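Below, in structure tokens: the form predicted on its own, a single chain.
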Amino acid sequence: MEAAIEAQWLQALIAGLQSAQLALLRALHALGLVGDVHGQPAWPWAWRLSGDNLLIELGQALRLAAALAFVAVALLALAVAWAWRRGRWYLLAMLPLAAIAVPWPDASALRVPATPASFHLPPGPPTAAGVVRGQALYAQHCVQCHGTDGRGQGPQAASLAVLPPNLAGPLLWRRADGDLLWHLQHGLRDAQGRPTMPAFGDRLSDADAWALIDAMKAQAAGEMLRATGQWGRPVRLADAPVQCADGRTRLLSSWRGQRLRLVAADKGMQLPSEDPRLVTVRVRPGDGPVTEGCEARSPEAWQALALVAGTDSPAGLQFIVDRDGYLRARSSPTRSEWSDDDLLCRSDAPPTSAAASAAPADGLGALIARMDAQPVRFVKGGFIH
């Protein structure tokens, strides 16, 4: 319980750092004090605050919390001093003494290098078409150095002064999305200013760069699943158009707020029966009329699922997407029933005794109960779950 409480306040602190800086940037932009870069407000400083080190140095996190509490109290004291003439000087005299007593955090534990795009946000959730386009761009521009699996062992990697980083793990989730965009468009340099990655701004539009980032994350998710048996970081479902038998056309994202089951159905596959706990959508690689239910009939949706599943073809697999649009579970084609082992994006914490006792007896019900009890809680630089 103590660990859970610690995670909650530390997550809130890290999220607060991120939100405060983003609010400051938007305020500066609204006042005309900063311009735009790549279509969004440009961060004007070479440094920013990051919560990454606070996960490692809890003492610094406590110091930061104490410092923020002092700032809040100091602002309140100034407001009181403004209104309370008689005791004004007593309050003002106490503030410097209190400031000396406060354990201020080390700047080096909070400050990290920034780019003008550090607080840029993706233009929207990933789409299957964007992932497939980004995959083609990766093959065109990145494979020679980063390799087909993203592990940094491409044909030209050994000839580089600095080996490419491993993109098949959690690195892309730890980096700010805007920094990834900036480095793709403007390249990377080492501490001596020597280029370690070329700039692709003359070959990639911003839309292409965002699609490439989505594709690299999807590929990394598949590689993590292949290597560890889990999605080590939250993976959002790539959006795709869906045709229904009643003639409607909608998007996968239109079911946000409901649990979604995707069935990668190839020819001759026996389809699972409908379940009231889930919305079932079939995914097929080709075109054709939809005679029952709803289907995402596109090679892009099929290929995007294959990428995050770490396989050449998702045929026969089923996926469960939570209410927030995160891929949480993948079935095993060798078993007819779902089990807790199929929950591949999970918290390390076991289910509480109350949740375990209340879980339904069937495997799918137990999996859904645990998925609902442990929703994804993801903040850049913070905890997963």
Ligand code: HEC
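Just count from 1 along the sequence shown to find any residue number. The shown structure was predicted, so the numbers you read here are calculated from the model rather than taken from an experiment.
In what follows, reference is made to the form predicted in complex with this ligand, a form of this protein that is not presented.
*Asks:* Where, among 125 to 133, 195 to 203, 240 to 248, 301 to 309, do residues come within 4.5 Å of this ligand in the predicted complex by heavy atom distance?
*Replies:* Heavy atoms within 4.5 Å of this ligand in the predicted complex occur in 195 to 203.
*Asks:* Do heavy atoms from each of 17, 23 and 42 fall within 4.5 Å of this ligand in the predicted complex?
*Replies:* Looking in the predicted complex, the three residues 17, 23 and 42 all stay beyond 4.5 Å of this ligand (heavy atoms).
*Asks:* I'd like to know if residue 162 sits close to this ligand in the predicted complex, meaning any non-hydrogen atom pair within 4.5 angstroms.
*Replies:* Close contact exists here: in the predicted complex, residue 162 approaches this ligand to within 4.5 Å, heavy atoms only.
*Asks:* State yes or no: in the predicted complex, is some non-hydrogen atom of residue 153 no more than 4.5 angstroms from a non-hydrogen atom of this ligand?
*Replies:* No, residue 153 stays farther than 4.5 Å from this ligand in the predicted complex.
*Asks:* Answer for residue 236 alone: is it within 4.5 Å of this ligand in the predicted complex, judged on heavy atom distances?
*Replies:* Result no; residue 236 lies far from this ligand in the predicted complex.
*Asks:* Wondering, does residue 297 line up within 4.5 Å of this ligand in the predicted complex on heavy atoms?
*Replies:* No - in the predicted complex, heavy atoms of residue 297 and this ligand never come within 4.5 Å of each other.
*Asks:* Which one, 277, 256, 226, 175, lies within 4.5 Å of this ligand in the predicted complex by heavy atoms?
*Replies:* Exactly one listed residue reaches within 4.5 Å, namely 175.
*Asks:* Heavy atom within 4.5 Å of this ligand in the predicted complex: which of 263, 142, 109, 260 fits that? Just give me the one.
*Replies:* So the residue touching this ligand in the predicted complex, by this definition, is 142.
*Asks:* Heavy atom within 4.5 Å of this ligand in the predicted complex: which residues of 176 to 196 qualify?
*Replies:* If the 4.5 Å heavy-atom criterion is applied to this ligand in the predicted complex, 176 to 196 yields 180, 183, 184, 188, 189, 196.
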